[in-house]
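As a starting point, one isolated chain is supplied in structure tokens, in the form predicted alone.
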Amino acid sequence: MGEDTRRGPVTGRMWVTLIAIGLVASAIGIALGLSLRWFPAQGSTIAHKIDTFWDVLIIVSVPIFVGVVTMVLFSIWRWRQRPGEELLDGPPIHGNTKLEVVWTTIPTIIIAGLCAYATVLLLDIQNAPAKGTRVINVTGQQFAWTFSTVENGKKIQTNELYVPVGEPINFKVRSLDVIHDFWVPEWRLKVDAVPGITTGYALTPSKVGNYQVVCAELCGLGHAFMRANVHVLPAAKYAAWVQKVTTPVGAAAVGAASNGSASVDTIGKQLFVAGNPSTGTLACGTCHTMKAAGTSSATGPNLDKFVAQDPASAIREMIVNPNKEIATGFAKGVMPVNIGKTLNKQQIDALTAYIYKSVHRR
């Protein structure tokens, strides 16, 4: 056995030094944590509540982190093994019941307090005013979002989200295939889109601007591209937008192909910008940019460039067999492969003709 060079107990002066170091480090850590911009600008009336809760978590957690790290580093320095102590046993220690009660009780109280705060906050957010709340249906599908609502008695379906500022909105969220997650970072809230059930939340957008819907749940190869534009408009501009788009959409207009009550161009454009809700066919404009249709998504290739030199037959082949030719920078398996089954021949012909005419119109 080597020479017994065990260190003695921690002195009062050491405790004062440790506490002083912990207080200074905690103050610096809290100040730094509160000064960092963790989130984008607040875009809803409840965003400040979420941000305040985050600040509380920083104020509570930083001192705990600093205290643990300070004690670990002090212990390493104070009781590290020195030359000649390789064969020594550690000093005998005995349990301290009072200390064990303290370090169990304090964390329990902290966690219980934070859980109570979070519960009250969640209930407050969920109790959004229901009277006059506008309902918007959100549908997730690999790998895009579609939105529908009713204005002036007419259904509107789009691949970009338009909402008025300052009005409560109730989002009803669904999925047609796998689990997605509906999230606009500026609004702070997000909710899973789960197949077979309807989830959602209510909030009031508070800031005019353009944002993005982000899928926050890994949902397949195209997950990173599953985004959609959000337009928060003043009341007058929203009313003008509603006036512009309140025309019959969806299955009724698309189905007109079978009885000749709509032109081929009308049917093709309808399929491109709205899809076919009755069969779950996603709108092409949800993922592709095409100037003539007014779409600007970058989930898939820009059709104005990608098919500008292609004949109609090649465009049709890309619709029914999308994995045959993949544009540089895009992954195989992102575009739905069942369009040839969910649309009939007349609808595919109309969609092909519309895309061909649109990209060759110069």
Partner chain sequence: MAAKLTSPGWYRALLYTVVGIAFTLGMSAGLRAIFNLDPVYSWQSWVTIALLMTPLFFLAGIGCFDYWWRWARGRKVVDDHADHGAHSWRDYFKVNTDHKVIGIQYICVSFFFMFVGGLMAMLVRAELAQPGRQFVDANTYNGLFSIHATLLIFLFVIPVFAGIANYVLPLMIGAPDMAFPRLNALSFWMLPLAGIMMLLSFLAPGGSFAAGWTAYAPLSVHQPMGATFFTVAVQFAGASSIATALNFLVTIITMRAPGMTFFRMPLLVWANFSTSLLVVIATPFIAASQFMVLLDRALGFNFFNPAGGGDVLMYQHVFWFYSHPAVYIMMLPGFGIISEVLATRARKPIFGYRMMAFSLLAIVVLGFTVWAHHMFVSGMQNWIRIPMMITTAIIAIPTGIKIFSWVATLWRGVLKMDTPMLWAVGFITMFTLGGISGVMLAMVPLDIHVSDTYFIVAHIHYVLFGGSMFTIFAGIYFWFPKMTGRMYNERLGKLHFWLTFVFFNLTFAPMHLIGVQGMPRRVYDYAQEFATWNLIISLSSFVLGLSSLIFLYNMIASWRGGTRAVANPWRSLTIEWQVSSPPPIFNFDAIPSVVGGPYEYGVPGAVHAVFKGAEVPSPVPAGAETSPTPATEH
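Residue numbers count along the first chain shown, from 1. Source: prediction; values computed, not measured. Only the largest set of C-alpha atoms that superpose within 1.5 Å between the two forms is called the rigid core.
As for the form predicted in complex with the partner chain, it is not shown, yet the points below apply to it.
J.: If the cut-off is 4.5 angstroms on heavy atoms, which of these, A235, V245, M71, A292, is the one near the partner chain in the predicted bound form?
T.: After the contact test, the surviving option is M71.
J.: Name the single residue among V135, L88, V208, A239 that comes within 4.5 Å of the partner chain in the predicted bound form, judging by heavy atoms.
T.: By the 4.5 Å criterion, the partner-contacting residue is L88.
J.: Only one of 159 to 167, 146 to 154, 266 to 274, 220 to 228 has heavy atoms within 4.5 Å of the partner chain in the predicted bound form; I'd like to know which.
T.: After filtering at 4.5 Å, what remains is 220 to 228.
J.: Is A308 a contact residue for the partner chain in the predicted bound form, using a 4.5 Å heavy atom cut-off?
T.: No, no contact at 4.5 Å.
J.: I'd like to check something about V24: if you look in the predicted bound form, is any of its heavy atoms closer than or equal to 4.5 Å to a heavy atom of the partner chain?
T.: No - in the predicted bound form, heavy atoms of V24 and the partner chain never come within 4.5 Å of each other.
J.: Counting only non-hydrogen atoms and a 4.5 angstroms cut-off, does I348 reach the partner chain in the predicted bound form?
T.: So I348 does not count as contacting the partner chain.
J.: Can R188 be called a contact residue for the partner chain in the predicted bound form at 4.5 Å between heavy atoms?
T.: Yes - in the predicted bound form, heavy atoms of R188 and the partner chain come within 4.5 Å of each other.
J.: Under the 4.5 Å heavy atom criterion, name the residues of 108 to 122 that approach the partner chain in the predicted bound form, in sequence order.
T.: Contacts from 108 to 122: T108, I111, L114, C115, A118, T119, L121, L122.
J.: Would the C-alpha of F306 be classed as shifted by 2 Å or more between this form and the one not shown after rigid-core alignment?
T.: Yes: F306 shifts by at least 2 Å between this form and the one not shown.
J.: On a rigid core superposition, would N323 pass a 2 Å threshold for CA movement between this form and the one not shown?
T.: Yes, because once the rigid core is superposed, the C-alpha of N323 moves 2 Å or more between this form and the one not shown.
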